[in-house]
Ligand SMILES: Nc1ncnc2c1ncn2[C@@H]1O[C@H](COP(=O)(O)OP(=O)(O)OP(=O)(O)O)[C@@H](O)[C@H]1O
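There is one chain below, alone, in structure tokens, taken in the form predicted alone.
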Amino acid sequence: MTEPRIIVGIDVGTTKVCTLVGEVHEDGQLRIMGVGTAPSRGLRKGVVVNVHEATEAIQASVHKAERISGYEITRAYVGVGGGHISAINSRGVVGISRGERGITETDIERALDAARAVAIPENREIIHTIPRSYIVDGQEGIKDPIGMQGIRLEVEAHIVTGASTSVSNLVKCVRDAGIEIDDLILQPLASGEAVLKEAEREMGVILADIGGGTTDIGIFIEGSIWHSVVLGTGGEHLTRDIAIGLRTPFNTAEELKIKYGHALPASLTTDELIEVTSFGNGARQQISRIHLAEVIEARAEEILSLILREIKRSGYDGLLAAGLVLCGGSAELPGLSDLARRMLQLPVRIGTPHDLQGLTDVLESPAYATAVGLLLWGMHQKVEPEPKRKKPPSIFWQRVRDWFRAFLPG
């Protein structure tokens, strides 16, 4: 019996850092062995603004996951997001040599390289090149062309790019925490792995992951991602509106949102009074729960209108039969799915990770969609043995060699 393969995912979000440790067994089952969450620091709208604080938050999360799982964490799949993310669709075309084997993985890689040959600014880098579909000699809609005969291979690819400095800062924080990165994964891609059903991906669905500082959007059609974008608004904006509208500290506003928040004030049957602490002398005041819901509704409508605008901008608004799937911490806000259904005129459901084994009590929540999705993404990647590297000469022998070189004639 072979040892289980260990996979680690780290979701570095605006409000929390979550590290998950999973075991992949011979039967293909993923078992969650460790969960570590820590309050996020040093990030704003999904982007690192303080390397030291972000590194400490990652370390705290990793150490908790290590204690629970019993594994030492040295490498991980890491989620990447933030307003600097953008994506384009591109097409690559290559010729195929006639042979008995047909199209090979090398041919596919050449086609993807051709698709990647798009003009992007020097300050941006490609994070993902995701094949949407293939065309062989004019035959469209091919998902896997390996082994097929043809002389011309085309690939339609979704290319995700990010600002080089933002990506580099995230990589630095993770590495400074002592973790090597297996791969950077776009957060809505990871969330889709955890909460979307195969039928939804095929029929056409929009995923909206409403996190603390951003809302990550992915449109999936015919089983693949066709459009992705990160909006610079999220759950923290709801909390800030409450803090300003009710003149109360941010932490108090967050507690009010979680305990009494609702996105549809018209659906509240009774006007409950809530006691809150005000700024200044800390006096207690009574506010109406309906008034709280009205403050939340205004911002929730704005977030949903931005999602609707992005659907229309993508040009795929007529292809989303499966509707909208909401995840992220703010997806749990009561009334949000009903408001979305009313505004978008689409089917709406809350997406939660499912079919998990192990430490699943906490994770069956839309707030953990990205973290679980990172494990699932890593689970589906091919694992190749690392090439054996020659050991570098010791520092002593390097110095001896340099000393001899200094006296040798040039």
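A residue's number is simply how far along the shown sequence it sits, counting from 1. Predicted model only: the values in this text are computed from it and were never measured.
There is another form of the same protein, the form predicted together with the named molecule; it is not shown, and what comes next is about it.
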Out of 231-239, 313-321, 119-127, 106-114, where are the residues with a heavy atom within 4.5 Å of the named molecule in the predicted complex?
231-239
Although the named molecule is absent from this view, report whether Gly211 comes within 4.5 Å of it in the predicted complex, heavy atoms only.
yes
Does Arg289 make contact with the named molecule in the predicted complex, using a 4.5 Å heavy atom cut-off?
no
Would you check, heavy atoms only and a 4.5 Å threshold, whether Glu332 touches the named molecule in the predicted complex?
yes
Contact between Gly328 and the named molecule in the predicted complex at 4.5 Å, heavy atoms?
yes
Position in contact with the named molecule when the complex is considered in the predicted complex, options Ala367, Ile32, Ala54, Leu375, heavy atoms within 4.5 Å:
Ala367
From the list Ile274, Val171, Ala298, Ile258, which entry has a heavy atom within 4.5 Å of the named molecule in the predicted complex?
Ile258
Mind listing which residues of 2-18 have a heavy atom within 4.5 Å of the named molecule in the predicted complex?
Asp11, Gly13, Thr14, Thr15, Lys16
